[in-house]
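In the block that follows, a single chain appears as structure tokens, in the form predicted on its own.
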């Protein structure tokens, strides 16, 4: 974990409620797809945990949804705003797991960390399929960017306004995608349904309310087959077989 000051270089809406923010500075603490950052905001006691979408030597990209006071404040930040950020949090995905046809499944704001994961897996010669789930067409983002990386993309919308009608599990079944391992991030009901529906092993990135973000407060603990684990410190990524739903 590193505490750094990062500068907003870009902050724009992708959909009415989804924003993409670029932060420049010392981001050397971020080393794996699936890690997250904690952002301090003026007037708010707790930092806001946001997953990392992408990163390079001196900049990282986050994507967030405006759902409360903190993210609303973020959506109004102008270029040049400086933020107190904890970086390099969480364990991230295992990109070196031996598989040839990984399936990546994201729902809503669970989509962003899969972008860097897709990039890393394709760089390792893997044949990647990405299934993205949204409520409706107006909420879809980043589908074309996944395709530009070289992934096969399948979109599902709950109302059928674009792609396959239904949930990500419906899209996996109806598209007939072949896979030998999966990675996923999204709301807990989606992850549970996915783990029950898939026949291979895989990894899930869990979403939980976090207090500190680095394992001190124990507020994000869950039960696993190996006892109580902290989502922020021991996760957020866990093997499918570990999670007790």
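Please read all numbers here as calculations on a predicted model, not as lab measurements. Positions refer to the first chain, counted from 1.
If you look for the form predicted in complex with a small molecule, you will not find it shown, but the lines that follow are about it.
Visitor: In the predicted complex, which of the listed residues (60, 191, 33, 50) lies with a heavy atom within 4.5 Å of the small molecule?
Guide: Contact with the small molecule in the predicted complex is made by 50 alone.
Visitor: Residue 207: heavy atom within 4.5 Å of the small molecule in the predicted complex?
Guide: Yes, residue 207 lies within 4.5 Å of the small molecule in the predicted complex.
Visitor: My question is simply whether residue 68 lines the interface with the small molecule in the predicted complex - judged by any non-hydrogen atom within 4.5 Å.
Guide: Yes, residue 68 lies within 4.5 Å of the small molecule in the predicted complex.
Visitor: Would residue 44 count as a contact of the small molecule in the predicted complex, using a 4.5 angstroms cut-off between non-hydrogen atoms?
Guide: Flag for residue 44 set to yes.
Visitor: Quick check on residue 64: any heavy atom within 4.5 Å of the small molecule in the predicted complex?
Guide: Looking in the predicted complex, residue contacts with the small molecule include residue 64, since a heavy atom lies within 4.5 Å.
Visitor: Heavy atoms within 4.5 Å of the small molecule in the predicted complex: which of the stretches 25 to 33, 173 to 181, 50 to 58, 193 to 201 has them?
Guide: Of the options given, it is 50 to 58.
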